[in-house]
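Quick setup: one chain, the form predicted on its own, written in structure tokens, and binding and motion questions come after.
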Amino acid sequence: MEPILQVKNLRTSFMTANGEVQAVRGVDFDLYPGEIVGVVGESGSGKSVMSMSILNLLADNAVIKDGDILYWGNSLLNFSKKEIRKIRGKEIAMVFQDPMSSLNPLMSIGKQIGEMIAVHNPELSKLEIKVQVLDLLKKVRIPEPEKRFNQLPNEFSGGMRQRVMIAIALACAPSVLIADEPTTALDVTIQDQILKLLRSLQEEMQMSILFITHDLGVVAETCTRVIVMYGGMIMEEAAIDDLFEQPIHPYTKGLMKSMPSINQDRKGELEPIPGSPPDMLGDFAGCPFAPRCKEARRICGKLLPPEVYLDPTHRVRCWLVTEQAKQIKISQDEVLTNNAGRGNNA
């Protein structure tokens, strides 16, 4: 099966007064028709910048320095601004994490949804657009659509505003939906409703979804495949069952241990990952996770590990799974201690 979306060796940087911030550093992945792929990682791992790069929604100081983004085999990076606007919203749509700041507070909900339809379907009359908007409001399960059509965003709850954002994204029946932390600001009950809504709509419309989140629990409920990002790179990728049953990368394991489990002892404490994400300004030697990794060896701070495929659907970027590491007997004193200098010890 041909991928609907391919990201190849993507490198995106921001040019700042302090230097080049390398937010995405060589990301590769495929998205296939009808599947939901989760992208997880802490804040600052490059998830959102990667997704913004796909639709060219980057800030003025951002530069895609290398790589390619293919939609049905066509390079989006070769598209003009006019051509990418035709794709954005119609073929590839996005749901953002903060609906209050994404919606115009002075414009009615109906008009905001209708704008997306009108831009890509200029031949439609106002009445035809309104009929489609009301249908979308019903589809995302907003009650009393006729009444809600003329209301402003401040008359909606947080969950209802997120449903409006989903309606805008689905207005032109896109083939790919990028959902960037769409449930972050919502309470658990509303979060569950939004996730069920997205799954239902995905099955109904046969969309491909790239689901970006920092919550592994959300991924477990929603996705079929998971990409784990850290330091602007992919640390691990696997089918959902494989990742939860046998996580390989120390960072993936750390995320799992920091997440509450239904089987966990109620008196037991969660185990946070010590330290902070790396400074993305300039280059860093070795594995970006080495300074925080309890299993790091000296080589981890010196050289970036290669990607290793454990099977056709499970890949890991870690020295501990390479043939070199397996062949070298590593003594205990070569394990780096957990301090700020780890990762720079040669």
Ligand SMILES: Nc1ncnc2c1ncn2[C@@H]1O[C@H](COP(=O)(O)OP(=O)(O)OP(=O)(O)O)[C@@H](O)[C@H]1O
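Computed from a prediction, not measured in an experiment: that's the story for all the values here. Residue positions are given as counts along the sequence shown, with the first one as 1.
Below: the form predicted together with this ligand, not depicted.
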Scan 27, 49, 321, 36 and let me know which has any heavy atom within 4.5 Å of this ligand in the predicted complex.
-> 49
Give a yes or no for residue 42: in the predicted complex, does one of its heavy atoms lie within 4.5 Å of a heavy atom belonging to this ligand?
-> yes
Answer with yes or no whether residue 61 is in contact with this ligand in the predicted complex, where contact means some heavy atom within 4.5 Å.
-> yes
In the predicted complex, does residue 16 have a heavy atom within 4.5 Å of this ligand?
-> yes
Evaluate residue 280 for contact with this ligand in the predicted complex, applying a 4.5 angstroms cut-off between non-hydrogen atoms, and reply yes or no.
-> yes
Please name which of the stretches 66-74, 303-311, 28-36, 53-61 has residues with heavy atoms lying within 4.5 Å of this ligand in the predicted complex.
-> 53-61
Quick one: name the residues from 85-115 with any non-hydrogen atom within 4.5 angstroms of this ligand in the predicted complex.
-> none
